[in-house]
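As structure tokens, one chain now follows by itself in the form predicted alone.
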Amino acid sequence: MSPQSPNRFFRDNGLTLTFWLLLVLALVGQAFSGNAEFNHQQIVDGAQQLSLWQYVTSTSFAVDVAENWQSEYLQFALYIVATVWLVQRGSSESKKVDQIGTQSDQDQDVGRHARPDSPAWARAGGLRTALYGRSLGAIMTFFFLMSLAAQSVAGQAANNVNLLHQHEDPVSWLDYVTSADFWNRTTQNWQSEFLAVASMAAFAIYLRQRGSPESKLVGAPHDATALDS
């Protein structure tokens, strides 16, 4: 087999690579702007300013990043699992309305119904196929929980630094994760993710984006759902 040309590699993986690049650019932008804002507040408080490197390795930066990541992974974990059982007639974000549930082995091309080019664990049957059939939701849930844990640890550390600056006693991790501050920051992000998902599911019924797999065909009727279009 001849090696894949660089041009074909970038073409075949353009969606993933583009969003990884955007992620890096957004993190760089957050680092510079966050450092500037942090140092401005330090000047106001009469405290020591941080270099860019000191800022991006600080708990203040870490908690902001983890806070955003956990809400994104929560969105996808919930959406992946919810769309197994919930449908929205007319939305390209939904399965057909008569396909609620995990569907049969034949519908899913697993076990003895697997195709020759199906993944090995899809053909294996038994526990391996059961695990593989839920692996996407599982990995998104795992990353959500890890990001939430990172947010709580970094948030506790950042909060304790602020408390010490105010000559107050630091709090334990348990006290922090049950505090109003932690849940105020967390639920602010969650509500925005839920709004985005609900909006996308509803707008996709009536609006179109030509050429996008996230949209129905431009000429599809409004009540066409998923592959019905």
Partner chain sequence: MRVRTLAAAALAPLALSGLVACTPSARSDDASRVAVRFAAAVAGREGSQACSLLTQKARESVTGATNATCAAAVLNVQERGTGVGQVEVWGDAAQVQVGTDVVFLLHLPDGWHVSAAGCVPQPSAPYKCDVDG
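Positions refer to the first chain, counted from 1. Since we're looking at a predicted model, the values are computed, not measured.
In what follows, reference is made to the form predicted together with its partner chain, a form of this protein that is not presented.
Option from 122-130, 143-151, 77-85, 100-108 whose residues, in the predicted bound form, bring a heavy atom within 4.5 Å of its partner chain: Of the options given, it is 143-151.
Partner contact for residue 114 in the predicted bound form: its partner chain, 4.5 angstroms, heavy atom: Residue 114: no, not in contact with its partner chain in the predicted bound form.
Partner proximity in the predicted bound form: residue 39 to its partner chain, non-hydrogen atom cutoff 4.5 Å: No, residue 39 stays farther than 4.5 Å from its partner chain in the predicted bound form.
Contact of residue 160 with its partner chain in the predicted bound form (heavy atom, 4.5 Å): Yes, contact at 4.5 Å.
Contact label in the predicted bound form: residue 57 to its partner chain, heavy atom within 4.5 Å: Heavy-atom contact with its partner chain at 4.5 Å: present for residue 57.
Answer option from 62, 197, 31, 177, heavy atom within 4.5 Å of its partner chain in the predicted bound form: Contact check passes for 62.
Heavy atom within 4.5 Å of its partner chain in the predicted bound form - the one residue of 52, 26, 164, 202 that qualifies: None of the other options qualify; the answer is 164.
Residues in 34-48 with any heavy atom within 4.5 Å of its partner chain in the predicted bound form: The stretch touches the partner through 42, 44, 45, 46, 47, 48.
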